[in-house]
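The chain below stands alone, shown as structure tokens; this is the form predicted on its own.
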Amino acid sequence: MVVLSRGGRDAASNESAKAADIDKEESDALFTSSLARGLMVLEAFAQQPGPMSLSEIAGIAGLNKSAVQRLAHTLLKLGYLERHKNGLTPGRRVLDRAYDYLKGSPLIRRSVPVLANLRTSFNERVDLSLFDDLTIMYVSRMHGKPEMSHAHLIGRRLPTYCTAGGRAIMSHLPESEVLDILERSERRKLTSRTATEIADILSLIERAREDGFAMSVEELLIGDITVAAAVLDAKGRPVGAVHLGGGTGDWSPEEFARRAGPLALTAARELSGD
């Protein structure tokens, strides 16, 4: 799935590349290209939230309109798409599959009371993310204050290289793996404060190793401060991170790190080891 797009043109080119990759898989006897194309129809909505026409979906997915028409018809019948007056949108059956994933994860189930206690004691935003190579994905989010934004919904992906959670995770990886992630990442500035140079990011990761947690200040969103500590599996490999988020209007970065860092680290250790 394309996570961060620079615009509709880039999104369409990325999806076209994915369509080409599907064609290359034809030599794999077990690979079902029609299923892959059906999923590309659903993934097109990551680039343009809200209702879309068949032509718009086809343009983003890099598929021809007649193929999209057949795929969309099937997805409509199954409930994975819904029809609105302005076009098609993802259906509620998509949420069923997300629920299946969430309830099937022992880590996510165990995290609920831990995060709830952390939220009660600190009164700021508390998140759990999972590590997925170049990105992290938020799978639990408990808001500290009213926040009406898609940015604070579960399922959101963010780059590993510039997030507190990503850097906390990388602080537990071998240097060769860290460099591989950074070199393959599209390291671009999301705000004026985003660290994009490999040397600068490595320095922040080293600081996370020393402190036990990482911090990001206005690198994703102006006014936002986040600290995070890595959740480790039984072999000591990072699988996710616990995040605490606050605002620069309420906290200085130094005070937030002093208060929130140890709390994130304690919660992450409580969830680690499975």
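We number the residues from 1 along the sequence you see. Note that this is a predicted model, so its numbers are computed, not measured.
Just so you know, the form predicted in complex with the DNA exists too; it's not on screen, but the next bit is about it.
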item	value
Answer range among 242 to 250, 48 to 56, 220 to 228, 204 to 212 for contact with the DNA, defined in the predicted bound form as heavy atoms within 4.5 Å	48 to 56
Full three-residue contact with the DNA in the predicted bound form, heavy atom 4.5 Å, for 105, 110 and 117	no
Close approach of residue 70 to the DNA in the predicted bound form, 4.5 Å, heavy atom	yes
Contact flag, residue 65 vs the DNA in the predicted bound form, heavy atom cut 4.5 Å	yes
Exercise: residue 30 in contact with the DNA in the predicted bound form, heavy atom 4.5 Å	yes
Close approach of residue 83 to the DNA in the predicted bound form, 4.5 Å, heavy atom	yes
